[in-house]
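In structure tokens, the next block holds one chain alone, the form predicted on its own.
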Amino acid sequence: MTKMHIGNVADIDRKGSRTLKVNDMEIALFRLSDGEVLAVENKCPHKGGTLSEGMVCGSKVHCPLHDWRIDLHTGKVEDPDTGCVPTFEVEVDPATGAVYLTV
């Protein structure tokens, strides 16, 4: 696993997202309304929808294609749908706001 500095928490709006490419995978970073930053693969397991374009409600993102709800902590799709997306560890330095992603 590799831990990398990817930016600053101020670069991500609350209830917003930011994407980055790591190797051949696009990762979506989400900043929740409480300030927590979470990361998942930017691809819905249903039809490949771009999750970073979805609406964030609480700690779930709604896929913009078919409204599948995905828990950003676990990557698990909410019932009655099934599936999962990879999640990634994110750390935010409380002193500097630096964001680190482990892949």
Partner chain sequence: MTLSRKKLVLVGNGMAGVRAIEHLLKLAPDAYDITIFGAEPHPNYNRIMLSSVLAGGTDLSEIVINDYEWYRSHNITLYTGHKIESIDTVNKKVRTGLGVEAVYDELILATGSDPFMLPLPGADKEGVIAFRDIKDCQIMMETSKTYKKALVIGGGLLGLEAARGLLHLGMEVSVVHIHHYIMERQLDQEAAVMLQRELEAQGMKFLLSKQSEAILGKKRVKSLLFADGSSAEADLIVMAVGIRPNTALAQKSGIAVGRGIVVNDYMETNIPGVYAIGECAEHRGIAYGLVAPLYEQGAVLAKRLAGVQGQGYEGSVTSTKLKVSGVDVFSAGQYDEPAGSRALRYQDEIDGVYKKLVISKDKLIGAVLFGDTADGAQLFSLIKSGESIQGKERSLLLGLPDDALKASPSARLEAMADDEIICGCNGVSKGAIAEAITTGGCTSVGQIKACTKASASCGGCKPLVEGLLELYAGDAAVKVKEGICGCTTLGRDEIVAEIKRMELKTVKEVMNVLEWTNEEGCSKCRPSLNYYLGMLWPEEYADEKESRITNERYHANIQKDGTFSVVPRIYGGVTSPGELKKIAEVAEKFDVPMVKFTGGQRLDLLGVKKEDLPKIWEELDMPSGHAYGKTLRTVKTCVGSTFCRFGTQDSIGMGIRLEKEFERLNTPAKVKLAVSGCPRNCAEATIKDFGVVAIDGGWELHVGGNGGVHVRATDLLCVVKTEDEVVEWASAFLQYYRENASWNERTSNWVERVGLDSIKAALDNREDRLALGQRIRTALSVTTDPWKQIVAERELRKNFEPISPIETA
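It should be emphasised that the depicted structure is a prediction, and the values quoted were computed from it without experimental measurement. Numbering follows the first chain given and starts at 1.
Beyond what is shown, the protein has a form predicted together with the partner chain; the following relates to that form.
Q: Considering only heavy atoms, tell me if Gly54 and the partner chain come within 4.5 Å of each other in the predicted bound form.
A: Gly54 belongs to the contact set for the partner chain.
Q: I'd like to know if Ile70 sits close to the partner chain in the predicted bound form, meaning any non-hydrogen atom pair within 4.5 angstroms.
A: Contact with the partner chain, no.
Q: Does the 4.5 Å heavy atom contact test between Thr50 and the partner chain in the predicted bound form come out positive?
A: Result yes; Thr50 sits at the interface with the partner chain in the predicted bound form.
Q: Does the 4.5 Å heavy atom contact test between His62 and the partner chain in the predicted bound form come out positive?
A: Yes, contact at 4.5 Å.
Q: Can you list, in sequence order, the residues from 73-88 that come within 4.5 Å of the partner chain in the predicted bound form, counting heavy atoms only?
A: Counting only heavy atoms within 4.5 Å of the partner chain in the predicted bound form, the contacting residues of 73-88 are Asp79, Pro80, Asp81.
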